[in-house]
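Let's start with one chain on its own, the form predicted alone, as C-alpha cells.
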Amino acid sequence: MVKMAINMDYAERRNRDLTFLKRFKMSTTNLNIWYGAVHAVKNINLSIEKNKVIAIIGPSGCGKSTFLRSLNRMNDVILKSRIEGKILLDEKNIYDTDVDVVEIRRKIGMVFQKSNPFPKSIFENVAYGLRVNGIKDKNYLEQKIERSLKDAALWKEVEDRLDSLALDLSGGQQQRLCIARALAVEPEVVLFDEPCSALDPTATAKIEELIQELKKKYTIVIVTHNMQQAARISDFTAFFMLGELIEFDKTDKIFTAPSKKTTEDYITGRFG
C-alpha cells in the first residue's frame, strides 16, 4: 500500500510537471543578477506562457532590461555581471555549462530599442543569420527571406527592392526589418526591448499589430515604458520596482484591480 501511494504521488507530480511544460515556454527560479556590487535583479520567480505576450513595466533603472537580456544570455558580454538561479527554456536551464549559447540566442531572438540594420541590402540583412548558420542554397534563402518579411509585415513594401540599402528604409521599416532578421532563424521566443520608443504613432501601431500576429507562432516578452502599449498588446504584465518583481498577473487585472498599492500608484502616475 505504501509503495502504491508513493507511485501515485510520483505520477501526480509528473502529471503536474507535464502540464506545466505544455503551458509554459520559459520560467525563472530565484533569479538574481549583479553588476559588480550592484544587485540589479532580485530573486525573480516568473513563468512565461507559450504563445502569449508578456509585458514588463516599471520605472527606469528597475531591472526590466537586465531581466530581459538574461533570458537569452546577452548579459554574458557585460563585464562583472554575475547571475544566480535558473532560467528554463522548456526543461533546460539555459545557464548550464553544457549549453550552446549561440543555439540559445537562435531559439530566443531579440529586437532592440534602436533599430540596428546592417549597412547591407534588405536581402542580406534578413539572410545574415541564415548565412552564419551555413545556409548557402539560393532558393532556400529566397523562400526564407520572403517568409520572414511577410511575417514581419514588410514584404509588400520592399519586395521589388530587396537589393536596396536597408539604411534607406524609414525608422519603422528598419525596425520591422530587424524583426524579420530575428524571425529568419526560426526562434521560439522573441524578446523586444522598447521596440517602439523611437517610432512615430503610425509606425508604433504597425509594430503593435505585428506583435499580436506574431504570438500565434512565438512566445513574446516585451519591455515597455508605455503603459498604454502594455495594456493594448499584452496578455500578462510584470511590474518591476528596484530590481524586484512587485506583481505579475493578467494584464486586465494589473491595470484595473492590481493587488499591490505600489502597482496601483505606478500605473496611475503617482510616481515613476
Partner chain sequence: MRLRKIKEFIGFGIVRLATIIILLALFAILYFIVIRGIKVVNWQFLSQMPHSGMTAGGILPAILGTFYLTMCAICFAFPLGVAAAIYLTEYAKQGKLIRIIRIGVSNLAGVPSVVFGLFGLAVFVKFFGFGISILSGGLTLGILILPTIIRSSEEALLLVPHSFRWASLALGASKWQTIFKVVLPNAVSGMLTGSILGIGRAAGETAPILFTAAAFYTTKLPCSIFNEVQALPYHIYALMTEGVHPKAQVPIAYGTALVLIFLVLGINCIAIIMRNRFRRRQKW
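This one's a predicted model, so the numbers in the text were calculated from it and none came from an experiment. Residue numbers count along the first chain shown, from 1.
Not on display, but discussed next: the form predicted together with the partner chain.
Between the options Leu199, Ile83, Leu89, Val185, which residue brings a heavy atom to within 4.5 Å of the partner chain in the model of the complex?
Exactly one residue meets the criterion: Val185.
Which residue among Phe112, Trp155, Phe123, Tyr95 has a heavy atom within 4.5 angstroms of the partner chain in the model of the complex?
Comparing distances to the partner chain in the model of the complex, the residue within 4.5 Å is Phe112.
Give a yes/no on whether Gln143 approaches the partner chain to within 4.5 Å in the model of the complex, heavy atoms considered.
Gln143: no contact with the partner chain in the model of the complex.
For Val99, is any heavy atom within 4.5 Å of the partner chain in the model of the complex, or not?
Outside the cut-off, so no.
Spell out, yes or no, whether the shortest heavy atom distance between Arg106 and the partner chain in the model of the complex is within 4.5 Å.
Heavy-atom contact with the partner chain at 4.5 Å: present for Arg106.
I'd like to know whether Arg176 contacts the partner chain in the model of the complex, with contact meaning heavy atoms within 4.5 angstroms.
Flag for Arg176 set to no.
Could you pull out the residues of 133-172 that have any heavy atom within 4.5 Å of the partner chain in the model of the complex?
Stretch hits, in order: Asn133, Leu167, Asp168.
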